[in-house]
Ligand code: NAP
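For reference, the chain that follows is the form predicted on its own, supplied as structure tokens.
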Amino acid sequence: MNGKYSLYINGQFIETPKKQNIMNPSTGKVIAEVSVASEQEAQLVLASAREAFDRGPWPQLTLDQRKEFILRIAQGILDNAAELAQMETQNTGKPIKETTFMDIPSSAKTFEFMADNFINYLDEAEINIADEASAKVLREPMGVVVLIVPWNYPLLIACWKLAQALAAGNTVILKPSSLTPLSILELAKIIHKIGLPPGVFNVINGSGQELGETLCSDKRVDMISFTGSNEIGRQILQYSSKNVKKSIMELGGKSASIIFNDVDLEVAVNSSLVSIFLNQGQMCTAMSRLLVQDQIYDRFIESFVKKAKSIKLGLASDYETQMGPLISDAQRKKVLSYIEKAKAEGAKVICGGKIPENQELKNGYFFEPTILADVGAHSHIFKEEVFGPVVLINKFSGSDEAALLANSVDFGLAACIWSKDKILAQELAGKLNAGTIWINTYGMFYNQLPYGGFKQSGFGKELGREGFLEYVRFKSVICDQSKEGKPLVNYWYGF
């Protein structure tokens, strides 16, 4: 594993004078040094991506040629899967079992899916509008697309966006989180070897404060796709308003899992553990609110707490580890502050709530799985995203009350429903204000289905046909078919 990384701009790896240390959250140790972009590199990447789209070969390739590139990227990820998994684990603190069996294979599958389907998505639509005219709708690439990805799933979310953007024929500027750029810079090496034309794919590293306004306000950029916090999303929208451009925003969540009396209790408990403690709760779709029907409430809590206490915390590189560290000390302090505020508002900590005392974990950013009860629906922690291993358990009596509680927050990203009554579950799904709803399962993402939220969880979609079409523009071409070549407009002034 190379300990030094450069930016990737216009088909070249560029080292800059300013450097940044990248930390391993499990150990608190430096694992790499990465170049940091200045305004000079930001201007270079904007010019390179614009030139590659306006005058480069990429938009002129046949669809079959473009498909071949997309397939080769997928294979490149698979060929380097073990190294990418190890790197993602070291950089994010995500357990190696997750990166090996989930993140890296899913990244490759996204490219494979787009390669197999995007040509059909680009079919021109012939529109029969009237006897005097024919029309068709062309689907063209947007142009230069800026992709901004978060630190919790750096490679996977980058691949969601990148596969669609490239398949649609765009050129791309990818900015990873400055906390977790390593796997994306390794992806740049893979794509460089494949021989993608210069300027089509670029990676620029640096803080959003230093690069965000330049990248998002520039008129050379046609589209922005962002996944991250609401605070940063609002800043990006302000920047982009200076030169209006299309945006996709996948922002925060405060998702609810609704668990009815008739469930298989063991299945519901086991699945609910995954829905909040996977990736240390650092998931936009984390089911951070468990709404349990009254008749099984006490039994559910007893079983859930017992199993949560048995979750094995450990170094992310250990295959026996079930929960690794949080991404940083700052994130851990944020989680702690939410718990303290919740306690002040009357919540009870019935499991966890503190930094583990295990000496083997003292140098990492670990935090115990935490369960809160007696949380009021008007408290801050009930409504705000913690982004850590913290779950609230509340009681409900009927489906209407459950829907009201689930919808009572500003977010609308995802929800779960657990019930053997599939008619009830389907009816309830129609009442929930969320973009993805799982019934008797959790966290199953399919490349065939669009993903994105409502309300303050953002707008626009990733994945599926709908997600792909976010990365194209629609052009209507209307051709006159009137007799003798004299359209109606010819007669307007009566000459």
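Keep in mind that what you see is a predicted model, and the values were worked out from it rather than measured. All residue numbers refer to positions in the sequence shown, first residue = 1.
The same protein has a further form, the form predicted in complex with the named molecule, not shown here; the description that follows concerns it.
Asks: Using heavy atoms only and a 4.5 Å cut-off, determine which of F226, F366, F277, F260 is in contact with the named molecule in the model of the complex.
Replies: Exactly one listed residue reaches within 4.5 Å, namely F226.
Asks: Identify which of G199, P389, G169, G253 has a heavy atom within 4.5 Å of the named molecule in the model of the complex; exactly one of them does.
Replies: Flagged contact: G253.
Asks: Which of 147-155, 72-80, 313-321, 397-405 has heavy atoms within 4.5 Å of the named molecule in the model of the complex?
Replies: Selected stretch: 147-155.
Asks: Check Q209 for me: does it contact the named molecule in the model of the complex (non-hydrogen atoms, 4.5 angstroms)?
Replies: Yes, Q209 sits close enough to the named molecule in the model of the complex that at least one of its heavy atoms falls within 4.5 Å.
Asks: Would I236 count as touching the named molecule in the model of the complex under a 4.5 Å heavy atom rule?
Replies: Although the named molecule is absent here, I236 would touch it in the model of the complex, with heavy atoms inside 4.5 Å.
Asks: Consider S178 of the chain shown here, and say whether it contacts the named molecule in the model of the complex, taking contact as heavy atoms within 4.5 Å.
Replies: Taking the distances in the model of the complex, the answer for S178 is yes, it comes within 4.5 Å of the named molecule.
Asks: Does I104 reach the named molecule in the model of the complex, with heavy atoms at most 4.5 Å apart?
Replies: Contact with the named molecule, no.
Asks: Heavy atoms within 4.5 Å of the named molecule in the model of the complex is the criterion; list the residues of 411-442 that meet it.
Replies: Stretch hits: a single one, L413.
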